[in-house]
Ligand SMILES: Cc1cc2nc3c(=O)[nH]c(=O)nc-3n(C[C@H](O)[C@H](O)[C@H](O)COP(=O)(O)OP(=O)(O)OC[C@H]3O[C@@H](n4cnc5c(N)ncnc54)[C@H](O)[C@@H]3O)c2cc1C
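Just one chain is shown here, as structure tokens, and it is the form predicted on its own.
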């Protein structure tokens, strides 16, 4: 029987970041994962955006989570000797004069750290737009696919990865020790994404997963150097003339199968915004692990105190996970209190 400090179920963004943080604390870790079962992290565009455009407010805790996100991925870039962070302004195309006026007002007070006060009329690379636009400055994207790939290689090198579908039936709980097949650990952490809805140990949790689909397009005439946003995004990729477009939301179909409906939705939006011809070269789908109150969920099982959950980060995962991974590590290692609005206890009250 091989003894390990932590077994983590799931090698998505949450499981990967948590594993690396625990390894930095000199803990032994084993991630168990079947990458074919959940594709949300691998499909994600990885955009970090400190603004909620619908209400034109700061994204929840963005002022605290962004600095931690940058620190984490800068360290990961050094560890893996690769580029992961792509700072890229977001050009928000205004839907109305009222939105533009609100933007100007908030840019000089409560959102001055994140949005630029100057409003631009269509010109230059954005001459094709029909509306004015403003820039979000502290924005960009993380190469999530690259990060997960490098993390997997790193874990394999450290004999910290097991490629298989996790079996709940093979768990045995003996006091403060949990065994799983040929392994024993002091703590078991579930980072399963939307698959947590099938976890028999956390059936009381109120998840509200949402399927999202994205396109990759080739458009030779589009020369934007920023992420365009007008109720959907067009993200310029490192490969010339290639862009990621998304994303859709579907709360009924929770499969990773691409759909013609989503493709039509996104191409309709593209056609309304772009006067250029383009070619769709790829389509991907994944299910986001959101909770009913749209807050992450973490903490230990009400009965099995050495069984934990770290999940529910949704569309803002690249911003949230690095911050809350450190918060969670402090909870499990130093017995510090979790923030009340992310504690799993809220679903057991």
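Residue numbers count along the first chain shown, from 1. Small disclaimer: the values here were computed from a predicted structure and weren't measured.
Omitted from view is the form predicted in complex with the ligand, to which the following refers.
Asks: Does the trio 5, 22 and 183 actually contact the ligand in the predicted bound form, every residue with a heavy atom within 4.5 Å?
Replies: Checking in the predicted bound form: none of 5, 22 and 183 is within 4.5 Å of the ligand.
Asks: Using a 4.5 angstroms cut-off on non-hydrogen atoms, would residue 302 count as touching the ligand in the predicted bound form?
Replies: No - in the predicted bound form, heavy atoms of residue 302 and the ligand never come within 4.5 Å of each other.
Asks: Although the partner isn't part of this model, could you tell me whether residue 18 comes within 4.5 Å of the ligand in the predicted bound form, counting any heavy atom of the residue?
Replies: Output for residue 18 is no: heavy atoms all beyond 4.5 Å of the ligand.
Asks: Even though the ligand is not shown here, does residue 313 get within 4.5 Å of it in the predicted bound form, heavy atoms only?
Replies: Residue-level check for residue 313: yes, a contact with the ligand.
Asks: Report yes if any heavy atom of residue 62 sits within 4.5 Å of a heavy atom of the ligand in the predicted bound form; otherwise report no.
Replies: No, residue 62 stays farther than 4.5 Å from the ligand in the predicted bound form.
Asks: Counting only non-hydrogen atoms, choose the one of 98-106, 187-195, 150-158, 117-125 that falls within 4.5 Å of the ligand in the predicted bound form.
Replies: Residues of 187-195 come within 4.5 Å of the partner.
Asks: Taking the ligand in the predicted bound form as the reference, which of 51, 30, 45, 66 has a non-hydrogen atom within 4.5 Å?
Replies: The option sitting close enough to the partner is 45.
Asks: Under a 4.5 angstroms heavy atom criterion, identify the one residue in 307, 56, 35, 280 near the ligand in the predicted bound form.
Replies: Here the answer is residue option 35.
Asks: Can you tell me which bits of 196-214 touch the ligand in the predicted bound form, meaning any heavy atom within 4.5 Å?
Replies: The stretch touches the partner through 212, 213, 214.
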